[in-house]
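Single chain ahead, by itself, as C-alpha cells, in the form predicted on its own.
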Amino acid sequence: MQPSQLSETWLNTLQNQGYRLTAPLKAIVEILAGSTRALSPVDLYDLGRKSTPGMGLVTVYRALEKLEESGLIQRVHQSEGCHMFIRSANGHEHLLLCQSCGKTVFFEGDDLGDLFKRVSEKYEFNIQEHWLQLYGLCAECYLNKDGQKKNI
C-alpha cells in the first residue's frame, strides 16, 4: 500500500473511532505512514513542525497513544527501551532493524513453525503469539560506495 493510501486508511480508522482529525494528527499520520525508519516522538515532533509549526510534543505523545491503541503502529524494542515507532506489521511479518540509521524492513517468516514447535514441546509451553525483531546493519550502513564492507 502506498504511503498516501496508508495514511488515508489510518485517518479513516481514527475518524471512525471518534477521534478528531486535527492538522497535527494528520501530519503525524503522514510521517509515520511514509517512513521506512523507526521514529521517536522527538523525531516526529521535529518532522511534524515543518508542516505544522504549532505542533507540541505533548500532541505527538497523544497521537502516538491513539495510533498504538488503534493497532496502526507498534513500538520497536531496543536495548535503551521501547521509544521508537513504526507501522504495525501486516499479517505474519517480522522486523529487520538497522542499529545505525533506524531503517526498518518487514519480512514474512512462515518457516519458523518448526522452531516454535520444538521450543513448545521442549519447554511444555503453548505458544500463542510471537514477534520477531532482528537487529543489524542495513546495506547503506554496512557497505561503502564500492559495495565493499565498511571497517566497523
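In this text, residue numbers run from 1 along the sequence as written. Because the structure is a prediction, the values reported are computed rather than measured.
As for the form predicted together with the DNA, it is not shown, yet the points below apply to it.
> Residue 104 near the DNA in the predicted bound form, any heavy atom under 4.5 Å?
Although the DNA is absent here, residue 104 would stay clear of it in the predicted bound form, with no heavy atoms inside 4.5 Å.
> Can you tell me whether residue 113 touches the DNA? I mean in the predicted bound form, with a 4.5 angstroms heavy atom cut-off.
Because no heavy atom of residue 113 falls inside 4.5 Å of the DNA in the predicted bound form, the answer is no.
> Is residue 37 a contact residue for the DNA in the predicted bound form, using a 4.5 Å heavy atom cut-off?
Because no heavy atom of residue 37 falls inside 4.5 Å of the DNA in the predicted bound form, the answer is no.
> Quick one: does residue 22 come within 4.5 Å of the DNA in the predicted bound form, counting heavy atoms only?
Although the DNA is absent here, residue 22 would touch it in the predicted bound form, with heavy atoms inside 4.5 Å.
> Looking at 89, 96, 57, 119 here, can you tell me which has any non-hydrogen atom within 4.5 angstroms of the DNA in the predicted bound form?
Only one listed residue qualifies here, and that residue is 57.
> Can you tell me which of 29 to 37, 96 to 104, 119 to 127, 58 to 66 lies within 4.5 Å of the DNA in the predicted bound form, counting heavy atoms only?
The contacting stretch here is 58 to 66.
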